[in-house]
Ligand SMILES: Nc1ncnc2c1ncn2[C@@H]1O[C@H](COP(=O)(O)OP(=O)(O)O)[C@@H](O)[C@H]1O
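This document opens with one chain alone, in structure tokens, the form predicted on its own.
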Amino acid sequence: MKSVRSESVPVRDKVSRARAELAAALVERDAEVDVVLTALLAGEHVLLVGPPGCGKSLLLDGLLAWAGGRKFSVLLTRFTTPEEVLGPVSLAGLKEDRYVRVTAGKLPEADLAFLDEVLRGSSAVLNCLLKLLNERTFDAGDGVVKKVPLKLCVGAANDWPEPDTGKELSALLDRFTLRKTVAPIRTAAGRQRLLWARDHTPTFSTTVTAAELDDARRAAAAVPWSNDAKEALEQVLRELAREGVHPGDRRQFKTVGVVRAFAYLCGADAVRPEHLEVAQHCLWDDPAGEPEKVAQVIAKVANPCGMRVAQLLLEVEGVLGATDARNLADAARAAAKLGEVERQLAALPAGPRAEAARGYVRDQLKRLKLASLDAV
């Protein structure tokens, strides 16, 4: 992970650059980059659920290269012991009739943590994680509760837990304020980047110090909510209640800070309704159906333009996936459909997301025409 230290760059610009550089390196992981950086700024943890090989670990490694510090990584199984996560019991301490853990290189001394297959951990391990993740404190066995330096924990899993999971997993899921499903690469352009780019390792133009990161966190926590955004959040909660989705009080409260951090990440001076987009990863408890309901309600209430852009992009991918560019008639029909999508995007209110979508559609039109010319 290459990086160049630049002490003269304001911390907010460093955050913005890191966001862009991570998104540029990791294929179709813009949303995951935003979720993880938002969690880092908000002082929360993230759970990413998806098949292996989707870039979850690479994203955290990139973040570590930018933010520095110590990383702890472990693959949890039902046979994993607390010693593998928290550190072994000190033999020297036992000789002195003291039960103390040696935490060097383990989770209690990490700045960033990656817990792979976190939902498969044994009861003993999960019980240890609950307090450490929630309160960021740890008792090594000497009765002295100490603060841990943990800034961010990213948990990963291949599948969401079954609905009938016990309280242990429910409590662990609640420790991750942001939860997101990670899908494999879907677009043709993304597949091209994945296959033919030689390296997907992020390269950074800046790094950030621990003090700068603390400054960024304080600034993010101070971003004010606009009245429109407050009203939008309250309307979202009312709509969710009508849909049968009732996020807990603590989750609602933490969502306020998460949205502030996302607004800061986006460079805003206040929280606007469109920043509620990130709340779709917070305001639910049951992964069976609730995330989709929350995303739809938030899009309808806070960001209808963004929802329309997403729908149009899905339509584009459907057209591209069903088109054989070497068939001239097929390519012509696809080009006409993409042209219509571009016109619909142009009719939406101006904004970075709509403009980026228009640029993507124009690029796909060019690719389609070039492939058709090659086939002639």
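Please read all numbers here as calculations on a predicted model, not as lab measurements. Position 1 is the first residue in the sequence shown; the rest follow in order.
Keep in mind the form predicted in complex with the named molecule is missing from the figure; the text below concerns it.
> Residue-level contact is defined here as any heavy atom of the residue lying within 4.5 Å of the named molecule in the predicted bound form; does residue 171 satisfy this criterion?
No, residue 171 stays farther than 4.5 Å from the named molecule in the predicted bound form.
> Would residue 55 sit within 4.5 Å of the named molecule in the predicted bound form, counting heavy atoms only?
Judged by the heavy-atom cut-off of 4.5 Å, residue 55 is in contact with the named molecule in the predicted bound form.
> With heavy atoms only and a cut-off of 4.5 Å, decide whether residue 200 touches the named molecule in the predicted bound form.
Yes, residue 200 is a contact residue.
> Answer for residue 69 alone: is it within 4.5 Å of the named molecule in the predicted bound form, judged on heavy atom distances?
Residue-level check for residue 69: no, no contact with the named molecule.
> Select, from the options 320-328, 23-31, 306-314, 342-350, the stretch whose residues sit within 4.5 angstroms of the named molecule in the predicted bound form by heavy atom distance.
That would be stretch 23-31.
> Can you pick the one in 189, 240, 185, 295 that has a heavy atom within 4.5 Å of the named molecule in the predicted bound form?
That would be 185.
> Ok, 194, 145, 130, 124: which has a heavy atom sitting within 4.5 Å of the named molecule in the predicted bound form?
When the named molecule is considered in the predicted bound form, the option within 4.5 Å is 194.
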